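Shown next as structure tokens: one chain only, the form predicted on its own.
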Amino acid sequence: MSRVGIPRSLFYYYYYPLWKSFFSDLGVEILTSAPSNRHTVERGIELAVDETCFPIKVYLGHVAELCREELDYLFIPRLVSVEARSYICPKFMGLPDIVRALIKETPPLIDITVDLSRDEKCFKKDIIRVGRLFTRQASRIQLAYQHGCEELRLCRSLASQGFTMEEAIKIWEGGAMEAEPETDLNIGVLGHGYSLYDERISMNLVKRLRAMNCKVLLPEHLGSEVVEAEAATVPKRVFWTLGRKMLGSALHLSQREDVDGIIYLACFGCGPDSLIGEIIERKVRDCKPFILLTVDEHSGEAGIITRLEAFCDMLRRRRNCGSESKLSPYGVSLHSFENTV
């Protein structure tokens, strides 16, 4: 039986059920790297150049870990676009080249190109090309891919019930559901899935908020139609898939009365985050309390916990104190007092 390695990083949190089902149906054994930890980060930092963003460094650490295993192939897709008229961060387009350049001894790479910006013809040909590494039956390859898409939809439906994508994947693989704790605050949490659901990168942001009696609302919990409709209200279309998803989610959450505040998790060195985070802050700060958390490999958990505790305390005071709830957490601009005397 052939063995294929899949790094537990980046788009693992969005597409793992699809690729695991696809390869398993072709008789392939799947091996994933362990959840991110200190050694993963340190190894990734050693391999990456300085200007590389934090999630890519972590990804390289996962690849290095898998390279120590006996694998027939390493699955590293070249992600260009996952939907029409939209694109993924340019770094994802060069992932196979980055890995080949920085890690000398790797198993053969399966570097299928995912580019759905125009049509799916080339992508379907690539699916057959990848499948023929393990079987000559084209019909079996097509059925395996269809099954993978069905499993991905199932996993996303699980996530929409209030779980993170990481939790949904665990449940999809047969894990137990944890009981939802009692909460008194509803907080929208935004960020790229590969940052938000990686507990080492996000420093357990979602779990920490739940421990503070907060119900967390994630982009995966919202309907895609609602998110797209809200994102379409900005003058210029956001052509980054994940950026548009974050913006539409933020605009929707900022209008909901049951949402007490919004947190955006960004990674230092991320180009799209530097733009989308700024747009979101300008759009929602007059509607909801908002904080932008920027993390990198030097970030400490104590600082994150302190900011989260202060944010939750402020939200509870605003809810319990009628006069304070009318004050903006950003203060009041001087021009607001013009013509009032």
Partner chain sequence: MKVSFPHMGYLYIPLKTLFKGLKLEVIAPPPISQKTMELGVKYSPEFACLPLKINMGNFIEAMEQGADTIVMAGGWGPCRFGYYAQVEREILQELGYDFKMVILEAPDSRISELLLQLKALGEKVSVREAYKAIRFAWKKLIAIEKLEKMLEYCLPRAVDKNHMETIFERALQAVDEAESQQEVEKIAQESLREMEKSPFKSAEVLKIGLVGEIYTILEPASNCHVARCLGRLDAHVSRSIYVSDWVNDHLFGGYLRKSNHKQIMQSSRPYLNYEVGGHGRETVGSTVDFARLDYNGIIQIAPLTCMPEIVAQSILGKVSEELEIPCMTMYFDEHSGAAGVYTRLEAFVDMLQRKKNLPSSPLLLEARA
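Positions refer to the first chain, counted from 1. As the structure is a prediction and not an experimental result, all values here were calculated from the model.
One more form of this protein, predicted in complex with its partner chain, exists but is not displayed; see below.
Here the chain stands alone, but in the model of the complex its contact with its partner chain, taken as any heavy atom within 4.5 Å, falls in 273-281 among 305-313, 29-37, 273-281, 63-71. By the 4.5 Å heavy atom rule, the three marked residues R156, V189 and C321 all fail to count as contacting its partner chain in the model of the complex. When you look in the model of the complex, the only residue of E199, E166, D115, E151 with a non-hydrogen atom within 4.5 Å of its partner chain is D115. The contact residue chosen from M203, V238, L209, L185 relative to its partner chain in the model of the complex is V238, the criterion being a non-hydrogen atom within 4.5 angstroms. For P107, no non-hydrogen atom is located within 4.5 Å of its partner chain in the model of the complex, even though that partner is not displayed. When contacts are judged by a 4.5 Å heavy atom cut-off, R140 does not count as touching its partner chain in the model of the complex. A residue is said to contact a partner when one of its heavy atoms sits within 4.5 Å of a partner heavy atom; A84 fails this definition for its partner chain in the model of the complex, lying far away. Interface membership of I262, defined by any non-hydrogen atom within 4.5 Å of its partner chain in the model of the complex, is ruled out.
Looking at 89-106, the residues that come within 4.5 Å of its partner chain in the model of the complex, counting any heavy atom, are C89, P90, K91, M93, G94, D97, I98, R100, A101, L102, K104.
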